[in-house]
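Form predicted alone, single chain, as structure tokens, below.
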Amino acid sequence: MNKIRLALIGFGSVGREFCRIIRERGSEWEDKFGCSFPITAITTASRGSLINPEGIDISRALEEITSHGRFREENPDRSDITSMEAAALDSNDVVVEISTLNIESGRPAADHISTALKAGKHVITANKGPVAFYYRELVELTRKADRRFLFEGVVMDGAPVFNLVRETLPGCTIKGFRGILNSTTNFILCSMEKGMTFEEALRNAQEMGWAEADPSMDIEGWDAAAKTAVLINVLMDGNLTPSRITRTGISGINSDQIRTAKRNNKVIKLICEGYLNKNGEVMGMVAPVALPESDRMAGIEGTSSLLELTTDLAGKVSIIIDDPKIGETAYALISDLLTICRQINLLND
């Protein structure tokens, strides 16, 4: 049995769901994959931190956050350890970086990851910032450390975007892509098609938990631009940051535009695109586009997403995820963790 010790940096909804899944399925995976996954550290920005080299009491940690909003002082695992210290702890093998996205710089998440890699740790993350801003640097650190840096959940929740390309499209070159990759904006546009104003649709998205109190990250296209940068950097060997993606959000879309599009048998969607310009340079764009109703992307409803990859050898390959929930993003972290588990098993055979 290989014991793979985990340190979590961040303990929001994704981190808590990740822990619940491990608690519920861990015994099954010990039998199936030959690995156990004790969580030896959890750090947060405002809810306290925990550390126990033998494994934190996850049920207690989850209960304290649910009931009190933070880890209690009486918790025997309570600690003043910082996130940067946790990233380099001797008592962990894999760092799970799930702190809050910083769309302006990707930090401090990128610093957590680089610190962990330099300390010889594997890293998995659902934070798109580091991949959008520092992908090449982090890949080079990963190579030098002879470790894995995996991030399946940063673009399409639990949909296997990067695994698909890495494992099932060997020899293919990704020539471009387009997609609907932001759930909030698609939910708003679909609601407007049904007769709501932009303001009503946004308020509804906020009430249902899809949009934040400050929704600018979504409606101004920044989240979509970050995901576009990630796909360009990872799949097309580009080197773009979110600010270098041509970006137009949906805040300027009104009901008249929605109705006009409908009269012309079109549907407005926020489209992300990566492509090669006439000079062969990789470019990225995020913008509302009036699509013909016959376009498969026109039919993507609510919070669902679609990504279409254009390859040189396998033609066009599409991935759809329907109405994703927080569990799908947590599963992407699990998928990455089990990938590392399989690698460790192979090394130890």
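From 1 onward, residues are counted along the sequence shown. As the structure is a prediction and not an experimental result, all values here were calculated from the model.
The discussion below concerns the form predicted in complex with a further copy of the same chain, not included here.
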Would R166 show up as a contact with a further copy of the same chain in the model of the complex if we use heavy atoms at 4.5 Å?
-> yes
Does V282 make contact with a further copy of the same chain in the model of the complex, using a 4.5 Å heavy atom cut-off?
-> no
Look up in the model of the complex whether G12 has a non-hydrogen atom within 4.5 angstroms of a further copy of the same chain, and give yes or no.
-> no
Classify C172 as contacting or not contacting a further copy of the same chain in the model of the complex by the rule of any non-hydrogen atom within 4.5 angstroms, answering yes or no.
-> yes
Tell me, which of S59, T66, S318, S27 has a heavy atom within 4.5 angstroms of a further copy of the same chain in the model of the complex?
-> S318
Assert contact_stretch over 308-316, 66-74, 39-47, 284-292 against a further copy of the same chain in the model of the complex, heavy atom within 4.5 Å, equals 308-316
Of the residues spanning 323-343, the ones with some heavy atom within 4.5 Å of a further copy of the same chain in the model of the complex are G327, E328, Y331, S335, L338, T339, R342
